[in-house]
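Single chain ahead, written as structure tokens, the form predicted alone.
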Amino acid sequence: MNLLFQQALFNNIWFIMKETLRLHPPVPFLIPHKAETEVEMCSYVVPKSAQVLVNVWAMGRDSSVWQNPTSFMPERFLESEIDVKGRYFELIPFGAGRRICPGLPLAHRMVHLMLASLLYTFNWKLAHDLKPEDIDMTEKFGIALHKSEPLLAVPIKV
């Protein structure tokens, strides 16, 4: 595989990963925070010592930030500097600041490589003659997000 192809594949995988993490973050709420002082945000007053939950799931579907927020469009990241490392608050599936997920460096190095190797090594088909438009993308809320109906995909050796 030549270097240009590898770089293009790496970039495309990261666009897909960012879009997936935007629509389906690993956890719907970040670790609870405690307000150190009373603060006003968006005309709401958050009292001192209040427990604050950050709804990452809703942030990824905010129409004031994302155009067509419920559509899966990895190309939205083509000309964007937004990453998942906690610097851009539009997309913080791993949190940000001192309480960022300790698994972020591992995820950043490994997830795209594992996905790329699966995509490069296998062709995929849906089980039970299911069509892509019939896949149920609803989620069950809990500590972590899970699909209501598990995805069954069959790998076919290339």
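Position 1 is the first residue in the sequence shown; the rest follow in order. Small disclaimer: the values here were computed from a predicted structure and weren't measured.
The same protein has a further form, the form predicted in complex with a small molecule, not shown here; the description that follows concerns it.
### Query
Does L30 make contact with the small molecule in the model of the complex, using a 4.5 Å heavy atom cut-off?
Although the small molecule is absent here, L30 would touch it in the model of the complex, with heavy atoms inside 4.5 Å.
### Task
Classify L106 as contacting or not contacting the small molecule in the model of the complex by the rule of any non-hydrogen atom within 4.5 angstroms, answering yes or no.
Contact with the small molecule, yes.
#### Entry: Touches the small molecule in the model of the complex: G95 (any heavy atom, 4.5 Å)
Looking in the model of the complex, residue contacts with the small molecule include G95, since a heavy atom lies within 4.5 Å.
#### Entry: Touches the small molecule in the model of the complex: L115 (any heavy atom, 4.5 Å)
Residue-level check for L115: no, no contact with the small molecule.
### Message
Counting any heavy atom within 4.5 Å as contact, can you tell me which stretch out of 40-48, 64-72, 119-127, 98-106 lines the small molecule in the model of the complex?
### Response
Selected range: 98-106.
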